[in-house]
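First comes one chain, alone, set out as structure tokens in the form predicted alone.
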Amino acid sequence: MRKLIGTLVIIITLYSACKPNGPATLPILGNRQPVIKTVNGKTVTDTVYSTIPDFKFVNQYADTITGKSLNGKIYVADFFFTTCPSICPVMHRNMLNVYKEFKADDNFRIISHTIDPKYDTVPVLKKYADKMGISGNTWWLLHGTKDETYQIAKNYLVSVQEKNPQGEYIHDGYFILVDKQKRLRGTYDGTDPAEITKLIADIKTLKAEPDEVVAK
């Protein structure tokens, strides 16, 4: 999975380097499929990009959150667990910078899926949010079944695993940027402050894009 993410980063870099001068546009990641259709009597080829499927989870306020809750919004997704002793605290300290930058923007969200739903109950997630200084609806900490969470991680191109023989959960430390059409638009190492700076800049770029933008 890390090789896949690395390949995507290389593609993004090459895309940015080769793109002609003009308004900044982020690439669309993930699978794409050509679709042939007829428009005004002419046969044209359109492109259908993979999107995040609908889901149903519960946030730290015990509110039900579905894909519809994110309609028309740009958001960043990640996967964590509250007892993580390694990368999660670093990731979420960095994510606080994103949260503070866009806290007042109702068209932006952060969603963090716990990969340890047995321990990370809704009250535990609320306590974690309070300790982090998270309030309001900009940043949702989401609880769902293990199967639902692990399945949707695949749609974000993120790898998560159950406890290994040492009793540890394993997951990628990436933040995933998703546009209003629920298409993947960027991946960022959540432990790297420089990547967080880039993520914030890319969110602003995405906010400036027309909703109907099609990246090559």
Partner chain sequence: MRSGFIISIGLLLVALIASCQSDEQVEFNRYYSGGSVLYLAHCQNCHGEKGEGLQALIPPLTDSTYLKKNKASLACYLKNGLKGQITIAGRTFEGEMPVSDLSPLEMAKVLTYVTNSFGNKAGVVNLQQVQVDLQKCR
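Numbering follows the first chain given and starts at 1. These numbers were taken from a predicted model, which means no experiment stands behind them.
As for the form predicted together with its partner chain, it is not shown, yet the points below apply to it.
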Quick check for you: of 70 to 78, 89 to 97, 102 to 110, 141 to 149, which stretch puts a non-hydrogen atom within 4.5 Å of its partner chain in the predicted complex? 89 to 97
Taking any heavy atom pair closer than or equal to 4.5 Å as contact, tell me whether Pro123 reaches its partner chain in the predicted complex. no
With the cut-off set at 4.5 Å between non-hydrogen atoms, does Gly136 touch its partner chain in the predicted complex? no
Find out whether any non-hydrogen atom of Lys118 is located within 4.5 angstroms of its partner chain in the predicted complex, and reply yes or no. no
From first to last in sequence, which residues of 121 to 157 have any non-hydrogen atom within 4.5 angstroms of its partner chain in the predicted complex? Lys127, Tyr128, Lys131, Met132, Gly133
